[in-house]
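Taking the form predicted on its own, here's one chain by itself in structure tokens.
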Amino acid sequence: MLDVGFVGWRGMVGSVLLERMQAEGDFTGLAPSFYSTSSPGGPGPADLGFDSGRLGDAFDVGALARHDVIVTCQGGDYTHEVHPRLRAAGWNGYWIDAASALRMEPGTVLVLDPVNADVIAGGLARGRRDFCGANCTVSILLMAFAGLFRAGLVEWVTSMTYQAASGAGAAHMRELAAQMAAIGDAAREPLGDPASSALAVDRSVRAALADDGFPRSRFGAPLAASLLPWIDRPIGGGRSREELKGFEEGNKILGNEVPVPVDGLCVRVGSMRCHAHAVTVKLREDRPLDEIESLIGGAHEWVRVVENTPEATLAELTPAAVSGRLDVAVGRIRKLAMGGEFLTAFSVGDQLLWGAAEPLRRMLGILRSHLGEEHPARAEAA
């Protein structure tokens, strides 16, 4: 029975992870323990179908080192503090992490198995012990267009993102909802008057957005009824850290020895869940559109090609349509006027699933198969 310690299970990603594990029956055959950074000794998670016991201290290296696997959604600061202490104590177990702290370390494998199962298998064969989920936006991009990358057709890709509030965290989701409520309150009077003009509604909304009391402490600016064309910190050259991840993490996920250029702008939009991309792909050669659609749709069981019609697009290719679903939708697929080698498309997927929780859940399942009934991962010196 695989002995697994869970840290950071209360947060947004951790909650989705437990929800998915329970739905898929993943706790059967596991020996799970739950840890807290703030309330050790308190009750563990409820409604899992078993007694989860009392919470351990997430900073207790001796306790953590008794596990075959640690799964953490606690964040990068926790990883930076605890991971090196565990390794220094002789723990040879498997670390599965949602945070970015270890992603670009040479010994870390980025996990997105519908796209890079071969890279994961190679990492296990080489004795790798650190496995991290990749950036949520990059993961959704590769889930959508894995078929084109796998066929070696991508010369370069530019991705213009439309990223949901949940990508910034639970507090940001709450602030977006508060912004929506403030706008609704401000526009209530003109909306309630059938004789009022659209300009009256617009003036009410603009006044709300400009008001000093408008909730903006998390985003720093209005997101509702607006958008924010900057995500994460600047890294020079007019680029944000979020925009660098497409190139760095995308190529690491794919295991590319020769990197494929991936670049673009990252934009925060007013959806609660789901990240989307408008992409331009420079193909290495012209291919018929039906063949391209077949490559995209046949890459794995969770990608779904949407017909390029107004009706199908509005019904199936929006955050509202895919929220809470494992399907990643790809539509608006067509050639551009620049030539047959230039392709455009739009993709959207729930980043709390394939961009965060689901790769961790599936990596734990891969480890169960890899380790079998033997558990060589436990600490050599606990």
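Predicted model only: the values in this text are computed from it and were never measured. We number the residues from 1 along the sequence you see.
Beyond what is shown, the protein has a form predicted in complex with ligand HSE; the following relates to that form.
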{"query": "Steric status of site, ligand HSE superimposed as seen in the predicted complex, threshold 2.4 angstroms to backbone or C-beta", "finding": "open"}
{"query": "4.5 Å heavy atom contact, Q351 to ligand HSE in the predicted complex", "finding": "yes"}
{"query": "Ligand HSE contact in the predicted complex: S271, any heavy atom under 4.5 Å", "finding": "no"}
{"query": "Touches ligand HSE in the predicted complex: C136 (any heavy atom, 4.5 Å)", "finding": "yes"}
{"query": "E243: touches ligand HSE in the predicted complex, heavy atom cutoff 4.5 angstroms", "finding": "no"}
{"query": "Heavy atom within 4.5 Å of ligand HSE in the predicted complex - residue from S159, Q163, N116, Q179", "finding": "Q163"}
{"query": "Contact assignment for ligand HSE in the predicted complex, among V260, A200, A168, L228, heavy atom within 4.5 Å", "finding": "A168"}
{"query": "Proximity to ligand HSE in the predicted complex (heavy atom, within 4.5 Å), stretch among 150-158, 182-190, 89-97, 128-136", "finding": "128-136"}
